[in-house]
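Coming up is one lone chain in structure tokens, specifically the form predicted alone.
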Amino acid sequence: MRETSSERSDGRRPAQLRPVQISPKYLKTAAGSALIEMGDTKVLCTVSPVDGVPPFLVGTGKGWLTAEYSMLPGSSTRRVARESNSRAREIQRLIGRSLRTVVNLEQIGERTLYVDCDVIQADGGTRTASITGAYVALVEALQTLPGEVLVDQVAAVSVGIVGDQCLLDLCYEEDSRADTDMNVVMTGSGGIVEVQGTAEGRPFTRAQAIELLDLAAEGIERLLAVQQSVLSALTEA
């Protein structure tokens, strides 16, 4: 990825992530939990295995994973209502799809993995941070279950075009004025799980789409390394 010398509003280079910190075992009460901080965005992720599956899976011996996402009332400068809305439902479906791609649901029996992602402070990229943090919480929760349940790693990041420049990991100020906004989810083996790309103003070109995907892949590679570092320390503890 071609790096330019121009700086962004927060001083980062175009291909630079915000500071990332993942704190595993954040809660004592959940089977798996992690607080992820990407810049000023903070998301609390928990995973709870519960016996039983949706009706369409009863009797199959196969498990299920589902996710819920919400922004807490004080997470934004304007109070966010607690009621579920179409945006939250779309994001939680994305989180669930992303995590299911790396879980062998046939190995967990007829139980459901409930993934909850609660945004406690929002500054852009909350859905991608939720996926990246929830994976760490999922690994912790699955340590209590037998067999090889996880088949890969997964992480996500946002990219976009702001002022004719492709940028990695947009904060809210950048996202609010982006001509193109894209969220990318990828596995540790390099597979693309999902790409959500929208032209907010003028259309973007195929060349720009490829540049954004390459930029996202570089960012996700770094996020995967952060996950691995956190989980290695967790194993050694």
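The first residue of the shown sequence is 1; numbering continues from there. It should be emphasised that the depicted structure is a prediction, and the values quoted were computed from it without experimental measurement.
The same protein has a further form, the form predicted together with another copy of the chain, not shown here; the description that follows concerns it.
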Region of this chain that lies against another copy of the chain in the model of the complex, out of 103 to 111, 162 to 170, 130 to 138, 68 to 76 [heavy atom, 4.5 Å]: 68 to 76
Exercise: Leu224 in contact with another copy of the chain in the model of the complex, heavy atom 4.5 Å: no
Interface membership of Asp214, another copy of the chain in the model of the complex, 4.5 Å heavy atom rule: yes
Partner contact for Asp51 in the model of the complex: another copy of the chain, 4.5 angstroms, heavy atom: no
Another copy of the chain contact in the model of the complex: Ile120, any heavy atom under 4.5 Å: yes
Those residues of 158 to 195 which, in the model of the complex, come within 4.5 Å of another copy of the chain by heavy atom: Thr187, Gly191, Ile192, Val193, Glu194, Val195
